[in-house]
Each structure stands twice: as structure tokens, then as C-alpha cells.
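This document starts with one chain, in the form predicted alone, laid out as C-alpha cells.
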Amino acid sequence: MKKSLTAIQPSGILHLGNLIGAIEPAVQLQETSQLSMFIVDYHAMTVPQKPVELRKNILFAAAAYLGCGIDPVKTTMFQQSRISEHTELAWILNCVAKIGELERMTQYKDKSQKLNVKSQSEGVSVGLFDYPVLMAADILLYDTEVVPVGEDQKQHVELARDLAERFNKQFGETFVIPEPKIRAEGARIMGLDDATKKMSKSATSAKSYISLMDESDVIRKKIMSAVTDSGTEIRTDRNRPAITNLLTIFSIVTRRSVESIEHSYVGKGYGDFKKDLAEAVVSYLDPIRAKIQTYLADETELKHILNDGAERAKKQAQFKMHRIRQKLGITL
């Protein structure tokens, strides 16, 4: 079985786009690969965090993973900061990475612009600039072969590949070259209020996304208020991004083809379509929300699962770092 890896930031909010684009593919992947799945609390620190909230969000992320179907027996699930080898390898890869390739990272440019400071050198932390190298370390530390990601993270996997190849060329074969795995449909779910922008928890309006913890009535209101395109036909069209996005969501949560759904609404309007879509999303998310709430009610069990996963991950990480130190010549 191939080794795969994915991770999630402890933000306190996970939305439908996260579930469809990253978590659900990982749930499927655990059946066919050796999956490592972890909570990137060090990545979360690239922006200011309140310690009490960060701890709460780490537990929520663990509960969300489990509630969405991750099996801690099949999957090694852990907390990033428990494995010191992540940051040790990140430093080593910093000495291989080039400033220019980090400056080209799309997410770095987007996030630094949102800080609204006079200059990037004044307002952007080194962590925000450098976190793609830590992400590369996350991936390469476990000999990862497959990385399920959304389209917006593909660039980071490509950086990991570049750093691995550069290190291998300089010090000899050490790292496995990972491959990104992007969902064919639903890899990029767009905002409900603006179908030209990805669904995001950092959106200015909560109407943009459907949180995994939204109550049924909230979901219905958000779907009914979702923007639509000009025209009345319920069909996909690259010039009609709003209805295309809604059809994609409908298809994924019902496991029906887009073509089948389009056929069902010939001669019908947006009102009927949105009502049915809302009920489909409610049916899809209600059981998940209930499971997450059950896990959140048992903090002791959540910590036990994370501790068990960390022990397993630590063994892998220590073995890999020993080999890396030998390659570098720092093991005496």
C-alpha cells in the first residue's frame, strides 16, 4: 500500500468545501493506502493565535476528522507539534530552499496582501513566508507518495517535490518524490455569495460558506440566499459559475451525476432547485455534525487518540531523521 498524508489547520471552522475537497478524499484514501493525517498547529501560528482558542481548535479539528469518517486504527492521526522532527527537517530544507521560489507562493502573496501593511518586510512574519518549507518537511518526513490536496495547495506539493529532488541530487537518494492527488470534481468549491472566489472560512460574510457545524435551518437559509446567474436554466456552463457551483455541490452530496440532476430540473426554476439542494446538504451534513458533537463531548478520548497517533508517527519520524542526519554527515 502506498503512503499518503494530509493535514488540517486548527481554525475552529471547517466548511463544506474543506470536507468535499480534502477530508472526504482522505477518508476514501485510508482504505487503499497507509494514511497519516495530522493537525498542523505550528502552521496555525503563522498568524496570531490566542492560546485558549488554539487548544480548543486543535480538539475540534480532531473531532471533525473523526466525525467525517477517519478511523484512528487505519489512519495515524496526530498533532504536528508532538513530533519535533517536523521542525528539525524544516530547518534542513530551509538550507536547500531558495528565497525566490518562496516569494512565488500564491498563498503567501494573497495572505500578506490581506494584512494591509505598508510593506511586506514590515508586516509579514517569517513564519508566514516560510511555512511552505515546513509543509514540505511534513510531507517528506514520512516517505509520502500521495498527497490529497485542493487545487490551491498543489503548488506546495510541487515545492516539496523540488526540494526533495534537490536534496537527493546533492546528498544521494533520501526522499520519496510525492504526487498530488486532486479530486476530479469538487476540488474547488466556490463561495455561495461569490462564485468567482473559493469557499473560505476567512470570507467577510458567513453567507459565503456552509460550516460543518451549521444547524439545519442555517444551511437552508444560506442555500436559498446563494447567488445565481442570469437566465433560468439549471445547467452547467463556464459562463454561469454560480449555478455550476451549486450543481457540483448537489452532485457530490447526493452521489448523482450532474447530467441526471440537470435533467430533473428541465422546465423548473431556481426556487425548486435550491429547496431540494438545501435538503440534500442538510441530509449530508446532519449526521456528520452529530458525530463531531459526540466526539467533542469526550475530550479524554480525543487526547488518547492523538497521543496514540503521535507515538506511531514519532517512530517513523525518528527513523527517517536518523537517515537524513547520516546523509548530511552530522551523525558522528
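Quick note: we count residues from 1 along the sequence shown, nothing fancier. The shown structure was predicted, so the numbers you read here are calculated from the model rather than taken from an experiment.
Below, we turn to the form predicted together with ligand LTN, even though it does not appear here.
Segments offered: 211 to 219, 258 to 266, 98 to 106, 132 to 140. Contacting ligand LTN in the predicted complex at heavy atom distances within 4.5 Å is 132 to 140.
Proximity to ligand LTN in the predicted complex, defined as a heavy atom within 4.5 Å, holds among Val147, Ala164, Ala226, Leu89 only for Val147.
A residue is said to contact a partner when one of its heavy atoms sits within 4.5 Å of a partner heavy atom; Gln9 meets this definition for ligand LTN in the predicted complex. Taking non-hydrogen atoms only, Leu306 never approaches ligand LTN to within 4.5 angstroms in the predicted complex. Shown alone here, His43 lies within 4.5 Å of ligand LTN in the predicted complex, counting heavy atoms only. In the predicted complex, no heavy atom of Gln79 sits within 4.5 Å of ligand LTN.
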